[in-house]
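Encoded as structure tokens, the following chain is the form predicted alone, with no partner shown.
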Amino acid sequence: MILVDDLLFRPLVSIADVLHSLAVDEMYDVEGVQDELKETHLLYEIGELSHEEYERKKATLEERLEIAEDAHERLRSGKVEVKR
């Protein structure tokens, strides 16, 4: 039975862990949000965005960045729980 577990289930668990990590990276892309923040700031500086639009987008992106950083921190610490 142990041999079957080693041959069948461990590779599946490893693949599931890798897929989970990739999904978290894709959903909570910290670098992507940071790039969007920089792009938004640049658009504001060149006059493509009004001050109100800039502040609204900046607040939204900062909130997304905080959520993404929190998700990555939880993933690194192993405190990820799956809710149904």
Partner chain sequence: MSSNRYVYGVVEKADFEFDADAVAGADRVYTVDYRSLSAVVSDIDTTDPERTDEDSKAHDEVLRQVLEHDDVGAVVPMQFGMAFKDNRTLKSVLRSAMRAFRKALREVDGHVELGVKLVADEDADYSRDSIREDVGERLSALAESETEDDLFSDRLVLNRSYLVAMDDREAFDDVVADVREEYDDLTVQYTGPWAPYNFVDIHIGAQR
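Numbering follows the first chain given and starts at 1. Predicted model, so just to flag it, every value in this text is computed and none were measured.
The same protein also exists as the form predicted together with the partner chain; that form is not shown, yet it is the one meant from here on.
| said: Can you tell me if M27 lies within 4.5 angstroms of the partner chain in the predicted complex, counting non-hydrogen atoms only? | reply: M27 lies outside the contact set for the partner chain.
| said: Although the partner isn't part of this model, could you tell me whether E53 comes within 4.5 Å of the partner chain in the predicted complex, counting any heavy atom of the residue? | reply: Contact with the partner chain, no.
| message | Is it the case that A59, even though its partner is missing from this view, gets within 4.5 Å of the partner chain in the predicted complex, heavy atoms only? | response | Result no; A59 lies far from the partner chain in the predicted complex.
| task | Could you run down 39-64 and flag each residue that has a heavy atom within 4.5 Å of the partner chain in the predicted complex? | result | The stretch 39-64, when checked against the partner chain in the predicted complex, contributes E39, H41, L42, L43, E45, I46, E48, Y54, K58 at the 4.5 Å heavy-atom cut-off.
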